[in-house]
Structures are given as C-alpha cells and as structure tokens.
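Quick heads-up: it's one chain on its own, the form predicted on its own, in structure tokens.
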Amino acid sequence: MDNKWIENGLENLRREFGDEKVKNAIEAVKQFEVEIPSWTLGPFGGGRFGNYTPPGYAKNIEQKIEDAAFIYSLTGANRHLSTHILWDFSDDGMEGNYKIAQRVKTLCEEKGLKLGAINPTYFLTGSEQGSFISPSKETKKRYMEQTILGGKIAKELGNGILSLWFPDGSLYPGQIDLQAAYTEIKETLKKVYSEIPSDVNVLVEYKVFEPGTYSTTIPDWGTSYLLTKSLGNNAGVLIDLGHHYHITNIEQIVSMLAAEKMRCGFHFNTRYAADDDHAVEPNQEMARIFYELVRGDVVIGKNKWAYMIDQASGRENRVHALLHSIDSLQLSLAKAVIVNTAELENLRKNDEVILVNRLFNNAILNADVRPIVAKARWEKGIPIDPVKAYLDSGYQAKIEGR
C-alpha cells in the first residue's frame, strides 16, 4: 500500500459515497479506541485444550504490558489494557491485592498505556457451585469482597469501568432453583453495588451457556438489562459478541440499548463457536453492528460506550490476532460511517424493500474501505499495515527469546 493507492481508493469512495462521508469515516477511525485484554497475551486461551500455547506468549504482567504497548505503537487505538483481578492483581489466585494493582498501573504508565476495565474473576478455584449464588457463605463473601475491591481499583487506578461476568448456572434441570438463583444474584448485586463508588460504570455481561449447559443465571441481554436497571444509573449491559446463539440478531440488541440511552459496553470477537475464542473478522455482521453503534451516537464522544476486545487465542499468534482484531474493527467502523443514511430514509418512505437493502449493502458488504483506514493511520503517523509492520519489526523473535 502506497500513497497513490490510498488516494486513488479514496477518490473512488468519494464518487460513490460523497466527500463528507469519506472525511467523517477517516476521522472516526482516527478517534476510535478499543481496549485489549491482558489475558489474551498470557497463558490463558488455547492452553485449555492440548496444552498448546503459541510461541512468545507473555509469562507475567510485565510481559503482557510490554506486548500491549508494542501493539499500541502500531495501532494508536489500544491505549487502555483490560485486566482480570485474580490473573493480574493476585498473589495466590484467590484474593485480589490493591498494591499489585497500583504497581500494574505504574507499569502501564511507564509504557505509555493506561489501566482500563477491571474484571473480577469469578470462575477460578472454588467457583464450581457458582459465585454470587454459591451455597458456600465463605465463597460468596470472597467474591463480593473482590467485586468491591474491583470498584475501588476502577475508581482510583483505572478508567472507571467495572465489568462483571458470572459463571453461575446449572448443568441439569432441577439442579438449582432457577427463580431463587436469579433473585439471589439480583439481591447480591444490589448489596455490592451500594459499596462501589457511585461514578464507576458497572457493566453486567451475559452468556447463553458455559460453564452451565442447562442454565446460566444471566443468560441474555434482557436479564442483564433488568438487573442493571434495578441497580442504578451507572450500571449498563455488556454485550459480548460470542455469548449468543448463532441466530441472534445482535445489531438489534445494540439498537434497543442505544435507544434506551444506557451506558453499555461491547466485547468484540468472532463467534464461530458461539463463544469468544476467535479474533475479530471484518464480516457483514460486524459492519451491521457498527452501523447501529454509529446511528446510536455511542462510538465517539461523551456518550460513547466502553469497547473492549475479549478473545482467547488458541492456535494463532497472540499479537497477530489482536492486531487483526483492531484492523477488522476499524474497517467495520469505516463501512458503517459511509452508509448513505439520507437516501436510505427516502427509499424506506417509498417502501422500496430490495432497493434499500442493496443501497445499505453497497457500504456494509461491498465497499473497499481499506483506503479510509490507511489514510487515518497515515495521518496519525503509524504503520499503514500493522500486521506487516509487526512481521518486519523482529519483535516476535524478541518475545520468543525472553
């Protein structure tokens, strides 16, 4: 990709979509920010199966931060690093440690990064019967205290975002009382929320299954919505792309939550397996989701949602996967911005069902927006192709030798 290729591509896009749309798309890509997860860079991920971990994975929090900072130097989009309390701020994998979190914050700042969303870790040792619905009072108390600590870290050290995902559920009908489980997690959330600083944005994630295969206590966006509405104004729904049945219309969920003016969040990945194991790809679904995010005015500015990548790389190179995800998100955003919304509305008024779909897909499906993303990177002074820049950098050889 050279400057001539970029300018020729931009000219073609201007002719089809207009100069203003292209200009807005370039600016949107330049401003878009997404957090990357510390856990993707470490031993977690594909190591769950067959004990395979790609060469060069980060063995401690220092190496995770080093990798995240290098990725940031190539993308200019991932200044914030999401962390998990029991993986990143703990000595024993059972209790969180505020002093370790302070140290991680300092390490991030030394590398030009910031501490992002804080994730309590409810699914490790001792969670086999749940976390907030655990019959063990000691276990439940430990998870409640960890959540309150997470709120303190989010407020004092992070970016004010606390992300909650609960593994609570069941494997078989009759194993737990479903109504009692929902009531208990709701009441426990309320108790914990009252102990969290009022300006921390608490995001409640949902998941249709796993580890419970018959039920999860927060299985869908509606349950999360009900719970967060019962908590307060600083609580919102956290959508994870992989946490749905394949037939779910996720962009419609986005549209409804944006219409409700909730302070929500989004975990990006690709859901081939109805889970969050794969890097993001610039497919039609992702572009449609971004269209609803753009229409809801929640991508950039004071009303923007919290955007994070959540993927557990298995066979692929970890850094490649995160660079690919960021690239895919920027391409999807560019497609969403160039949609001719005014002409869409004209066709809708005339009930031109097929014509409106074809016009929509001119941008969402068919447009080559790589010149827009390349131009945005050019103007920010970062590599036009971050994956190629990584391959040329020699960084992979460096991390394989550490």
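Quick caveat, the model's predicted, so the values are computed rather than measured. Numbering starts at 1 and follows the sequence shown.
This next part talks about the form predicted together with alpha-D-psicofuranose, which is not shown.
Student: May I ask you to choose, among R318, H80, H84, R288, the residue with a heavy atom within 4.5 Å of alpha-D-psicofuranose in the model of the complex?
Tutor: Checking each option against alpha-D-psicofuranose in the model of the complex, the one that comes within 4.5 Å is H84.
Student: Of F132, F266, F89, W165, which one comes within 4.5 Å of alpha-D-psicofuranose in the model of the complex, counting heavy atoms only?
Tutor: Exactly one listed residue reaches within 4.5 Å, namely W165.
Student: How about F123 - does it come within 4.5 Å of alpha-D-psicofuranose in the model of the complex, if we only consider non-hydrogen atoms?
Tutor: Yes.
Student: Is there a heavy atom of E109 no more than 4.5 Å from a heavy atom of alpha-D-psicofuranose in the model of the complex?
Tutor: Although alpha-D-psicofuranose is absent here, E109 would stay clear of it in the model of the complex, with no heavy atoms inside 4.5 Å.
Student: Although the partner isn't part of this model, could you tell me whether T228 comes within 4.5 Å of alpha-D-psicofuranose in the model of the complex, counting any heavy atom of the residue?
Tutor: Although alpha-D-psicofuranose is absent here, T228 would stay clear of it in the model of the complex, with no heavy atoms inside 4.5 Å.
Student: Could you tell me if D276 has a non-hydrogen atom within 4.5 Å of alpha-D-psicofuranose in the model of the complex?
Tutor: Result no; D276 lies far from alpha-D-psicofuranose in the model of the complex.
Student: Mind telling me which stretch in 150 to 158, 207 to 215, 251 to 259, 192 to 200 gets its heavy atoms within 4.5 Å of alpha-D-psicofuranose in the model of the complex?
Tutor: Every other range fails; the passing one is 207 to 215.
Student: alpha-D-psicofuranose in the model of the complex: within 4.5 Å of a heavy atom of each of F44, N119 and H243?
Tutor: Result yes, every residue of the spot touches alpha-D-psicofuranose.
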